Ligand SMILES: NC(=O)c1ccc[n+]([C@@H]2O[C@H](COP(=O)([O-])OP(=O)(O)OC[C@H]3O[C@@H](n4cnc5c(N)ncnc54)[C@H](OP(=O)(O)O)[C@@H]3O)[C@@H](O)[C@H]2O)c1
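A single chain comes next, written as structure tokens; it is the form predicted on its own.
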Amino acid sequence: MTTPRDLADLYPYPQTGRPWIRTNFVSSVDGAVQDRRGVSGDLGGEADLRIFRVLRSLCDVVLVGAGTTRAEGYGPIPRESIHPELRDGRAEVPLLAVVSRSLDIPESLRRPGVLVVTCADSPDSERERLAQQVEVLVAGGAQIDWPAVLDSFAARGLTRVLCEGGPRLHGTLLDHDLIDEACVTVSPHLIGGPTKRMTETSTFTERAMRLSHVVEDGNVLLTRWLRDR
């Protein structure tokens, strides 16, 4: 397989002057994004781990839903998940931005390196307590105001955004037509049962995408899709 730098060259962030949202998922051939344990686990094997590390290394901020952080055991972005040579003058590790209206944030994330994104209708007492532990970004009233979130990111120079899920957050970004590209690792499995897809929305939503590339790594496919605007 190519080096991390060679792989990174396949995933440039464009110079748009605004935050660019890239999403990253691993999926079975039939669209499952969970293994039998209910997590993404080892679906993509070493190939997916390689692209996971490269995409993290290229971004300014990792955006993820609180439910995914609980299910997948997230903490602040660890140095060992990053290729330092790909940071190109950026912070040592990306900021982790956790999205939650309920503010059910695990203790492992109540520490430096984490930003919580929420709305004004989140629980006041919990928001005040959480703000003593981590930075809290309040945007919107009953729902999160995503343009305001992205404006705040831009003001801080966080223009390279990597969303790692989960399906509900991915669906919200899809509804708002904020996904600029989707990086999908296709795992060589068929998985039945009540597993989730990579996107959950309450209404039918369709956005046109165009294929940027496919990289074969054994039986695994690394695909990159750009929003066809």
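All residue numbers are counted from 1 along the displayed sequence. Predicted model, so just to flag it, every value in this text is computed and none were measured.
The following text describes the form predicted in complex with this ligand, which does not appear among the structures shown.
Annotation: in the model of the complex, residues Leu43, Ala66 and Arg168 each come within 4.5 Å of this ligand through at least one heavy atom.
Though the partner is left out of this view, Ser100 does reach within 4.5 Å of this ligand in the model of the complex, counting heavy atoms only.
Put simply, Ser57 is far from this ligand in the model of the complex: not one heavy atom of it is within 4.5 Å. Contact check for Glu72: a non-hydrogen atom falls within 4.5 Å of this ligand in the model of the complex. For the chain shown alone, Gly192 is not a contact residue for this ligand in the model of the complex, no non-hydrogen atom being within 4.5 angstroms.
Of the candidate stretches 143-151, 125-133, 77-85, 107-115, only 143-151 has residues with heavy atoms within 4.5 Å of this ligand in the model of the complex. Although this ligand is not shown here, in the model of the complex the stretch 18-37 places heavy atoms of Asn24, Phe25, Val26, Val33, Gln34 within 4.5 Å of it, in sequence order.
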